[in-house]
Structures are given as C-alpha cells and as structure tokens.
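Read the single chain below, which is given as structure tokens and is the form predicted alone.
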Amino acid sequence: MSASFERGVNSFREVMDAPIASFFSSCVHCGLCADACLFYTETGDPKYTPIYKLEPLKRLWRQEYTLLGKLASLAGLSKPITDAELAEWSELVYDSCTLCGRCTVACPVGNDITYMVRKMREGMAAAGHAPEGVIEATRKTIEQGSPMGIQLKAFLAQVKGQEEETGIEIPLDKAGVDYLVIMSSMEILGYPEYLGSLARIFKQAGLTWTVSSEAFEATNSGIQIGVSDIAREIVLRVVNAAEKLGVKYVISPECGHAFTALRWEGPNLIGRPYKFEVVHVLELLDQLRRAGKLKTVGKTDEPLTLHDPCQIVRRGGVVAEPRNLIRMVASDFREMEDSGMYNWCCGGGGGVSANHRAEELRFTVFKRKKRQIEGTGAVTMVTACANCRNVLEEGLERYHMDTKMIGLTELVAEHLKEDEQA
C-alpha cells in the first residue's frame, strides 16, 4: 500500500461524520439524482449517477461502520478499496461533478450529495488522484496568490486601467471604510470592467470602499480540489486583510465558490466568527435599489435571459436579487425553463473548468444549457459569475451560437443616471 493511498483512505475515515452516515443509510436508490445531473442526462451513462460517484466512500462506510458490512468484509464478500479504483473514480468525482447541488435538491430524503462529494474529494486529493489542472491551479493560488497566476502587479495594472476608463479613483488599502471589494481571477483577467462598474455604482450611491493589496482575489481552489487546510488559508487572507483595514463588509464577487467559501464555510474553516459581514455583490446592489440609492435610466428592449450560477442561487439563496436588478434595466426579461433554484449548471463549476481532461465532456453537457438558451429566444444572456460567463462563452463559441453575454453588474452600470455620478 503506497503512502499516498493510505493517506487517502485515512482521510475518508476522518471525514466520515454523522451526516455522511445518515445520508448513506437513508438513500432509497430511487435514481432521481441521476435525472437531476446534466452529466447523466446528456450522456445517458449510468456511471454519472451522482450517488454512484461516491461508491468507494460508501463501501468504506459499510465495511467499517456497519455490522453487516463488517461481517461481509470478514467473510471475504466485500472487496476493499484499491488505489487503482480511486484512480478510476477520479473522473467521476472531479470531471463529472461541478458541485452544483441540483442532485441534492432533487433527493426525496434530503441527502446532500454535494456535501459528500466534497468530503470524498478530501480523500481523493490526499491519495494523489486530483486532476493535474486543478492541482496546478491550487499550486498557483498558494504560491502566487491566485489560481490563474495573477499577482499584485497585474491586479494594479487592471485597477489603473479602470481608473483611466471611468475617471474614478479606486481606493487601495484605505482603512476605516465600509466595504472591501474582492474579485475573482477571471474578473481580474477577463472582465476588469466589473471593477469599473462597481466604482461608478458606488460613487453614485456614496459608499466608502477599498480594494486590498494583500487580498484582492477570492477564488477558493481549496474548496474545489478538496483540501480544507488550503481552503482555510485562502479564506484567512481575506479575513486578515478585512480586519486589518477595519471594514464593516466584505463584498463577495460574481464568483460562486468564492461566495460559498467566504459566506458559508469561512467561519467554520478558520474556527471563529468574522468581525465583519460578507455580502454578495448582488445582495448589495439590491439593497441599494431598495434604498433608492441605485438610480438607473432607460431599459433595453433586447430580449434577455438569465443564467443562475449554482453556488450563488441554488446553494447560496441569492434568487430574487438578480431578477429585481434585471427588471430595472430590461423590458423583455425571459426566464429559462428550469430557472432559479432548479437551473442547470454551466458545466464548468467545482473546478471542472480548470480540469483540462474534462473539456470534451464539458462541451457535451453544454447541450443542456444550449437548449435552455434557445428555448427563450433571447439574444443576450446575463449572469453573475465570471467563471460561468467564461464557460458559457466557450460553449456558445463551440456551438456557433450568436447569443451575447454580459455580467449583471456591468449591465446595471450601463443604465446609471449620469448626473447622479458627479
């Protein structure tokens, strides 16, 4: 038995908590999780059934934590987990699961399959069976500060570019303000206009805010690869910067797993409550709307539809806010079939977009999103996750679709009353 395999199996034992035991015990083998998973629906391959992806972890639970399983193991009727088996399961755990949680919503007994996959990834990573792309993204996060290798110099260059474009100063390391803005790698590199849009909105609303040179990036590769210690280190960067600056709020960016890590898991990861509040940018924009501080003019007549990012909407509960904001600036908003809590994943979340070997599978399952988009007849799709946006743009290009993409924050900023920004 190799040392890495032994670490992986021991990690399985460590994560085997009461929720996992209860979930395995209560599974009724109905198959509804399969119908909720786009990897199954778009391939028809039963191996992509969500609960089946957990088979090695389930077998260990049965063999070591149930009486019948122990007896079967002693009688040689239950085979032990092998390293070769974990290598085979790597595709199921990393390539064909985006941690979207749709299977969890569909489960009739409320089993959180996403939670179990996350826990299984802990053992898979320890055993050395995480994909190379996800490992590399995690390495860059630890060594360079972001999964895409973006360092402070590159970030500051984007800040300067947005200051020049908007004519608005973007405060850096300003203590005592209300809000700390955190971005994701994809926003910094691919959609820096997000930061400029925030600068325009915040100026109109009169908010005090800053960005940090010590924690400008929030993408949490530790969550995606399944290593809690790394997830904790990434969260702590933000926590330490926020507490050093004395801000009241940290604004989670248009990035699903950053939101999950900061808002829902961060205090448990670091072992204490925050001294500030985490708010998703869409929650803040909707608060400003309700308070009359977000003032827009005109509405686009273009038919728009909305892609709901899984971690923000289904796993995070930010459902009404994006719709409130879209209706401020659009006269022809069209919901997708299976929208909101039941929306289908873009296919690239949970580290799948960083996993190069999963690319063809990702494009295959994009057919589900393609049908959703085409069913609306919309010419523009709005979303609020930079990773989703990038994955969707790649899918649109692959299938030669003319649908345009825009981030929701940028869409709102396009309709700001100009005289309100002075």
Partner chain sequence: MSDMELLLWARGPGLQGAVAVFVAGMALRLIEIYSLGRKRDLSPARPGNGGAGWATIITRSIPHKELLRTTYLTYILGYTFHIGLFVTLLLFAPHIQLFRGVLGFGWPSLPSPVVDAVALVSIAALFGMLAYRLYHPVKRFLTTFGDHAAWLLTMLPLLTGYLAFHHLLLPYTLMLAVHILSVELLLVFMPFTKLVHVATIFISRWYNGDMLGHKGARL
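Numbering follows the first chain given and starts at 1. Values in this document were obtained by computation on a predicted structure and should not be read as measured data.
Keep in mind that the form predicted in complex with the partner chain is missing from the display, and what follows is about it.
Interface residue remark: Glu132 is not counted as part of the site for the partner chain in the predicted complex, having no heavy atom within 4.5 Å. The closest heavy atom approach of Lys47 to the partner chain in the predicted complex falls within 4.5 Å. Contact check for Asp112: a non-hydrogen atom falls within 4.5 Å of the partner chain in the predicted complex. Of the heavy atoms in Thr364, none are within 4.5 Å of the partner chain in the predicted complex. Residues of just one listed stretch (316-324, 200-208, 160-168, 239-247) have heavy atoms within 4.5 Å of the partner chain in the predicted complex: 316-324. At a distance of at most 4.5 angstroms from the partner chain in the predicted complex, all three residues Val105, Trp264 and Glu337 contribute at least one non-hydrogen atom. With the partner omitted here, the residue from Met16, Ile406, Val9, Met401 that has a non-hydrogen atom within 4.5 angstroms of the partner chain in the predicted complex is Met16. Only one of the listed residues (Arg139, Arg272, Lys79, Lys275) places a non-hydrogen atom within 4.5 angstroms of the partner chain in the predicted complex, and that residue is Arg272. Annotation for 9-29: interface residues with the partner chain in the predicted complex are Met16, Asp17, Ala18, Pro19, Ala21, Ser22, Phe23, Ser25, Ser26, Cys27, Val28, His29 [heavy atom within 4.5 Å].
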